[in-house]
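Taking the form predicted on its own, here's one chain by itself in structure tokens.
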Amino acid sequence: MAMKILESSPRFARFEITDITTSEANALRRTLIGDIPKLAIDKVSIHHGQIRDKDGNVFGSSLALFDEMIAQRLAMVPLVTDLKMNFRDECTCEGKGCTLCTVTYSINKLGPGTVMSSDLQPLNNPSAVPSDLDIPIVKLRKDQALLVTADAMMGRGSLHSKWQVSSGVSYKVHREFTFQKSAFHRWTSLKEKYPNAVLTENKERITFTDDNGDGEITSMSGEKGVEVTEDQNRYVFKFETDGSLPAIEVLDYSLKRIPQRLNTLLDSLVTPD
């Protein structure tokens, strides 16, 4: 197996893997979707009753949204994650919650205004801030306030979407589009628009690939003068993240996670209960 990074940014990756089967490609896809650890809010406590500011002004805690809706929105805010954190049920604190497995947040917002994800302040881990600071949570009138404490813990997307790091995970087989220059005259414009997609060229033929996500080249399939070939042992993946983890770190973890899962399965088969 060999892998090549075709495109990479903090929140996006496109890469090619050769000499794998469809089953192995799908295992990687499922791992990227649901098996990457991530930090997410799992417990929310909302203060009810009067809230006073430092000048003694009184604010109400009854808001336009139910507590459950506010808690759900907070849970879905992506948080910058450190993969060295423990899962709570595997931590030395035995699930009680400590700095190794739990990050505590607070919100203390007075109206009028909109509570944003940037108002979610980590108390015991300054690096575990929201990866997107512009997510609206709830609007406050001038006589309203929101006082919240929340605990975040590690989980996986297979348990709940709030722990899902990546989205838009897909793969395709490597395809090559060979154009007969005499029969397909638009090859010149395609070459100008997608120079990096050109694989080979001679006087009679030019060959492109759509591995870089060039949809216009893909749409040429079936056109007169175009021959399409596929390599069933060569796959091109792409995915994006919510910013909780860098895309390359997600990919690195997923490649290590698959053999771990397979070894666990093997042990369960050969070890008697």
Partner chain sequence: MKELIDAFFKKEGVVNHQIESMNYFYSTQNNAASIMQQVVDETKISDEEEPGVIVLDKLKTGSSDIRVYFGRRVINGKVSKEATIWVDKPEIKEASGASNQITPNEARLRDLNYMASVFLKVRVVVDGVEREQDTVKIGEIPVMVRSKVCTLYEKNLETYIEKNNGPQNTTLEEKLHYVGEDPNDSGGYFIIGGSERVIVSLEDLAPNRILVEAEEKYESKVEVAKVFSQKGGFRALTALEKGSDGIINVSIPSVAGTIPLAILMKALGIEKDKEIHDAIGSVREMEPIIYANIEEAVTNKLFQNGVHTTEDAVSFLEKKFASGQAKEYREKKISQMLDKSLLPHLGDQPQDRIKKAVYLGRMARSLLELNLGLRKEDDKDHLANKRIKLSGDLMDELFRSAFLSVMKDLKYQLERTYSKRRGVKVKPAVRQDLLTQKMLHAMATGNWTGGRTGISQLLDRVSNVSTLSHLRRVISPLTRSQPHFEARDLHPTQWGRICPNETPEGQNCGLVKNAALIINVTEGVDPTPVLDLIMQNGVREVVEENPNSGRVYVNGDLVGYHDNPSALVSTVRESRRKGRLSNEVNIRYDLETREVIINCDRGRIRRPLLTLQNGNTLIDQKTLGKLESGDHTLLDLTAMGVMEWIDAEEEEDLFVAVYPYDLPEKCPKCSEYISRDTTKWVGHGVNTEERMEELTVQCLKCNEEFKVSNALATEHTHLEIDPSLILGVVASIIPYPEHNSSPRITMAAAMTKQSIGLSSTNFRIRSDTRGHILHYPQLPLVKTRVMDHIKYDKKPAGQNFVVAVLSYQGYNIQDAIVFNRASIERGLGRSSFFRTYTAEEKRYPGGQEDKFEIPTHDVLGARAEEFYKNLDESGIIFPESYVEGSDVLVGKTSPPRFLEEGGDKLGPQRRRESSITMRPNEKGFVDNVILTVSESNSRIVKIRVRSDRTPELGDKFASRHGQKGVIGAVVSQEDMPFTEDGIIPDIIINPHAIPSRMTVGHILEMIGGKVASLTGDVVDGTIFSGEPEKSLREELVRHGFNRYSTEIMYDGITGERFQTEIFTGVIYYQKLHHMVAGKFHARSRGPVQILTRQPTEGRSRQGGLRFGEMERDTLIAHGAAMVIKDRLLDQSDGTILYVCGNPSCGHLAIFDRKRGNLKCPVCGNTGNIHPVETSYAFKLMRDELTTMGVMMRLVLGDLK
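Numbering follows the first chain given and starts at 1. Predicted model only: the values in this text are computed from it and were never measured.
Unshown form predicted in complex with the partner chain; subsequent notes refer to it.
J.: Give a yes or no for T218: in the model of the complex, does one of its heavy atoms lie within 4.5 Å of a heavy atom belonging to the partner chain?
T.: Contact with the partner chain, yes.
J.: Quick one: does D67 come within 4.5 Å of the partner chain in the model of the complex, counting heavy atoms only?
T.: D67: contacts the partner chain in the model of the complex.
J.: I'd like to check something about Q50: if you look in the model of the complex, is any of its heavy atoms closer than or equal to 4.5 Å to a heavy atom of the partner chain?
T.: Q50: no, not in contact with the partner chain in the model of the complex.
J.: When the contact criterion is heavy atoms within 4.5 Å, does I248 count as touching the partner chain in the model of the complex?
T.: Flag for I248 set to no.
J.: Let me test this: is every residue among I41, Q121 and V129 within 4.5 Å of the partner chain in the model of the complex, going by heavy atom positions?
T.: Looking in the model of the complex, the three residues I41, Q121 and V129 all stay beyond 4.5 Å of the partner chain (heavy atoms).
J.: Mind telling me which stretch in 110 to 118, 93 to 101, 72 to 80, 146 to 154 gets its heavy atoms within 4.5 Å of the partner chain in the model of the complex?
T.: Among the listed stretches, the partner-contacting one is 72 to 80.
J.: Only one of K142, H160, H185, K139 has a non-hydrogen atom within 4.5 angstroms of the partner chain in the model of the complex; which is it?
T.: Exactly one residue meets the criterion: H160.
J.: With the partner chain left out of view, which of T18, S9, T22, Q260 would have a heavy atom within 4.5 Å of it in the model of the complex?
T.: Among T18, S9, T22, Q260, a heavy atom within 4.5 Å of the partner chain in the model of the complex occurs only for T22.
J.: Suppose contact means any heavy atom within 4.5 Å; which members of 25 to 42 contact the partner chain in the model of the complex?
T.: The stretch touches the partner through N26, R29, R30, I33, G34.
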